[in-house]
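So this first bit is one chain, no partners, the form predicted on its own, shown in structure tokens.
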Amino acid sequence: MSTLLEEMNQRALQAGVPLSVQFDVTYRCNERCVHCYLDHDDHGELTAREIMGVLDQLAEAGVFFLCFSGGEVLMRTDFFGILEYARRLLFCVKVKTNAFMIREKEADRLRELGVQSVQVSIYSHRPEVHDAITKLPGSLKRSLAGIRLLHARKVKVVIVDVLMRQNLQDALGVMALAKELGVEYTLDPTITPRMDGDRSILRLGIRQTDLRQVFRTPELVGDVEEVCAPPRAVDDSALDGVPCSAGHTFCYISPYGDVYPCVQFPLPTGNVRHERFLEIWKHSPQMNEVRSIHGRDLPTCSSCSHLGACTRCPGLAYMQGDMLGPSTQDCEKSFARTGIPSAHMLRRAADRVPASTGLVQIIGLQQPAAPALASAQ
């Protein structure tokens, strides 16, 4: 994060301003990704007029960064009217799309409206792998064509690669593809539970041994020594700090007007069809409860050596059963990076195995070795 963005975020945090909002304008989608956490039926989306009214309220509340997502945003025939209105209000706008429906007309419009960036999920450089994940034949070819049209118009494009068991071996291939296209690349090793609470899709997540290998691949993570450095001693800044921006400088609005601290934190705090956004942001008991939580309030994590460097997501913890509890997925990431088990992992291990069992067995390092990541093609 640049110095300017850090200063903006800090000032927003101190003033209680919702600096950033993700607004999903639809859950409808032409893809049916195997790992998707959404219900793709339309249960009564906000109209374009309603959305524009909410955008007025977001501007009034001080929102600056606005991310339009879905579902697939272009499933809404009125999307560009909504986007144009948002730009008239001077929001800095990012758009998430699968780019399947982007042709020259759509690419021209995104350039003309001056979006900050367009984020596209690409799961493999091989059509048979990508299309099997999206369940839409020809989706890789069409998405790449959309990316090329955007790049040709100098629209910033970021490829996001969600790692799962089906595509793990293609990470370097997708990175090479992004380089060839002249766009940015980022990877995400986290599978999110469905918003209805169904955790069955977590089985798609990569194994601990695979995760360790990812964090030790310089091409994917950069400076391995820095990424995998042992955690520093926990100090007051970690104990007094807030878990993440959710509910502090960021929130999420669903296509039906429901407001949540984050898209990965489905705790209902209000609905913009019934209350003004600023009333929900400032006075929702649930939002204020989220805001009240600091590092020292976490019964398990406050005593964990990883507290200061962990990517613990309170939303994933909430979906696991307790917003004050640990997020097992983030514990596993911390362990994969450093080789040092979290306090949560040690407690779980102690509760379920005989005292004679070795720590290496407890935390799963004796899983079968994963095959090497495929070389970029």
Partner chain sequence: MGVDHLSALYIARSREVAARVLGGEMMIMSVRDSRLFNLNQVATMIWQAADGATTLEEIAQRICVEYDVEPGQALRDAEAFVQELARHGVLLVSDQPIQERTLDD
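Since this is a predicted model, take the numbers as computed values, not measurements. Numbering follows the first chain given and starts at 1.
A second form of this protein, the form predicted together with its partner chain, is not displayed here; the remarks below concern that form.
Only one of 88, 294, 135, 165 comes within 4.5 Å of its partner chain in the predicted bound form through a heavy atom, and that residue is 88. In the predicted bound form, its partner chain lies within 4.5 Å of some heavy atom of residue 62. Looking at residue 283, you'd find every heavy atom of it more than 4.5 angstroms from its partner chain in the predicted bound form. Although the partner is absent here, residue 239 is not a contact residue: none of its heavy atoms lies within 4.5 angstroms of its partner chain in the predicted bound form. When its partner chain is considered in the predicted bound form, residue 201 lies well away from it, no heavy atom lying within 4.5 Å. Heavy atoms of no residue among 142, 147 and 160 are located within 4.5 Å of its partner chain in the predicted bound form. The stretch from 202 to 210, 296 to 304, 175 to 183, 89 to 97 that comes within 4.5 Å of its partner chain in the predicted bound form, counting heavy atoms only, is 89 to 97. In this stretch, 211 to 246, not one residue has a heavy atom within 4.5 Å of its partner chain in the predicted bound form; the partner itself is omitted from this view.
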